[in-house]
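Given as structure tokens, the chain that follows is alone and in the form predicted alone.
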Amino acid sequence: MNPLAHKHISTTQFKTNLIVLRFFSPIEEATTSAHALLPDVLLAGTMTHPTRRLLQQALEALYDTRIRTSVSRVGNTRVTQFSVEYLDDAVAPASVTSEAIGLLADVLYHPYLVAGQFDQAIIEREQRLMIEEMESNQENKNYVANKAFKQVLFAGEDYVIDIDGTLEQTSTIDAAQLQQVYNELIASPGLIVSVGATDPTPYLSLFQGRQADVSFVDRQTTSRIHPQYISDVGRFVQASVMIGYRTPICFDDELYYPMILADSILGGSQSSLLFDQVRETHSLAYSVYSSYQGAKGAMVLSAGVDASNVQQAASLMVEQVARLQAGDFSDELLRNAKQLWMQEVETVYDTNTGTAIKSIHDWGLGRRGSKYDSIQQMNQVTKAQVMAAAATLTLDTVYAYSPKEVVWTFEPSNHSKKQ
């Protein structure tokens, strides 16, 4: 294997340097829990610093250097991330770059092993913590309802696979399986992005792998002739209404920016159609918003409501999509949506982490422009383009997670149905 591809973003904006290393791999249901657990086990110690405490002490001695890990998904691609943030050499009393990168390499390539295997005691400890977090999530209504809705909306598609795995899987992970997924990880395609004043390129040959050539878009879609209306009886007092739309527009589509604005106008702020009508005017929801999933080609509307208001809230939510498609929104709302998005972009670039992640995202989509290019493109989006993007939204699923059974009786507007 060769050194991983590396992109350095030179800036003196931050006192710290950041290196983000990402591995990309397909999501397979049988190994999701092990892949989710692996970064925690790797951070539990290295051969040089065999306990989490000793590793932490070594990091703190380097002027509070920090190593973080995460596992997420984009479409049907697992993203396993390792990052190290350290004081820039121009600011630190002594050079930090080499040692900080060395510690990250140790975490990744020299994990603490016993007789050539991951330590079972560490595995069991991290399993226990992961299971406790999973059990805690089961007491979160929004988490439970959203997970149930995802299983309904994307039934039969790989997207239903939970990136965090399952309780059953997590409890059975052993050293052999962890070794298997570890070998898969370090052989996966990868990419390194660094942000800061000091270019770490001379030290990055430690990181080996295959050059990343991955897709961030998941086009696996269930064809549904008519919308489905489903409800589940839950154990929480408050009900959740979730409505899923399909769209062919994803990250790589020319209507991507118009769809972002459509999402914002629909449910992205306190001046949005959903907030104004469902929450403020009709007082049917405690919370209501929309969420466009550009990797999947889906728009999800969500609301927390009283069980007695499920039908009325769902009907009104669908009506707002019809209004969006018909262009029944003000020019001011469109301007506000653009301004909100531009503020969010500026906020992203206010941190080295945001700068790195945005760079990785753009790299995956083949975009080479700056933030100013994207802002200019967004400014040029017209109302007609927003309407064209919204017109692609096809109603797929109306779902309620409610303390009592829902027998659906309302029918949405014809132009919100699949023709």
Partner chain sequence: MDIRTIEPFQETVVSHTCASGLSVMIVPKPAFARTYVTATMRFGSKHLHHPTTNTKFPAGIAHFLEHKMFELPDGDAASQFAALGATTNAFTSFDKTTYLFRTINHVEEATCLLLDMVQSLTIDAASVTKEKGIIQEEIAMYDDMPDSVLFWRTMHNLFVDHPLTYDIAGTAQSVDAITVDDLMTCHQTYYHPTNTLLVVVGPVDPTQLIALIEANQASKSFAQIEVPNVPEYEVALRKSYDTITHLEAQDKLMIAYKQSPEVYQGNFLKYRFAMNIYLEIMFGSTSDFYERLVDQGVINDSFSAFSFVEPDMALAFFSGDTKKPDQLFEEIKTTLDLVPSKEEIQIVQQRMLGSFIRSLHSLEALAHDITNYSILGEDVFAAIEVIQELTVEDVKQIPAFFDEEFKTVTMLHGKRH
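By rigid core we mean the largest C-alpha set that fits within 1.5 Å across both forms. Nothing here was measured: the structure is a model prediction, and the numbers come from that model. Numbering follows the first chain given and starts at 1.
Although it is not shown, the form predicted in complex with the partner chain is what the next lines describe.
- Item | Among 62-70, 380-388, 22-30, 355-363, the region lying within 4.5 Å of the partner chain in the predicted bound form by heavy atom distance | Residues of 62-70 come within 4.5 Å of the partner.
- Query: Just one of D119, D252, D174, E280 has a heavy atom within 4.5 angstroms of the partner chain in the predicted bound form, so which one?
  - Reply: For this set of options, the contacting one is E280.
- Item | in the predicted bound form, the residue from G209, G294, P111, G304 that sits within 4.5 Å of the partner chain by heavy atoms | Checking each option against the partner chain in the predicted bound form, the one that comes within 4.5 Å is G304.
- Task: Give a yes/no on whether S402 approaches the partner chain to within 4.5 Å in the predicted bound form, heavy atoms considered.
- Result: Result no; S402 lies far from the partner chain in the predicted bound form.
- Task: Answer with yes or no whether A326 is in contact with the partner chain in the predicted bound form, where contact means some heavy atom within 4.5 Å.
- Result: A326: no, not in contact with the partner chain in the predicted bound form.
- S271 within 4.5 Å of the partner chain in the predicted bound form, heavy atoms: Residue-level check for S271: yes, a contact with the partner chain.
- Task: Could you confirm whether A285 comes within 4.5 Å of the partner chain in the predicted bound form, counting heavy atoms only?
- Result: Residue-level check for A285: yes, a contact with the partner chain.
- Message: Each of Q220, H226 and T409 having a non-hydrogen atom within 4.5 Å of the partner chain in the predicted bound form: is that the case here?
- Response: Verified in the predicted bound form; spot residues all out of contact, no.
- Task: Taking only heavy atoms into account, state which residues of 138-153 are within 4.5 Å of the partner chain in the predicted bound form, ordered by sequence.
- Result: In sequence order, Q138, E139, K141 come within 4.5 Å of the partner.
- Align both forms on the core first, then report whether A34 has a C-alpha shift of 2 Å or more between this form and the one not shown. Shift at A34: below 2 Å after core fit.
- Item | Flag for A285, CA shift 2 Å or larger between this form and the one not shown after aligning core | Shift at A285: 2 Å or more after core fit.
- Superpose on the rigid core, then tell me if the C-alpha of L393 is displaced by 2 angstroms or more between this form and the one not shown. After core superposition, the displacement of the L393 C-alpha between this form and the one not shown stays below 2 Å, so no.
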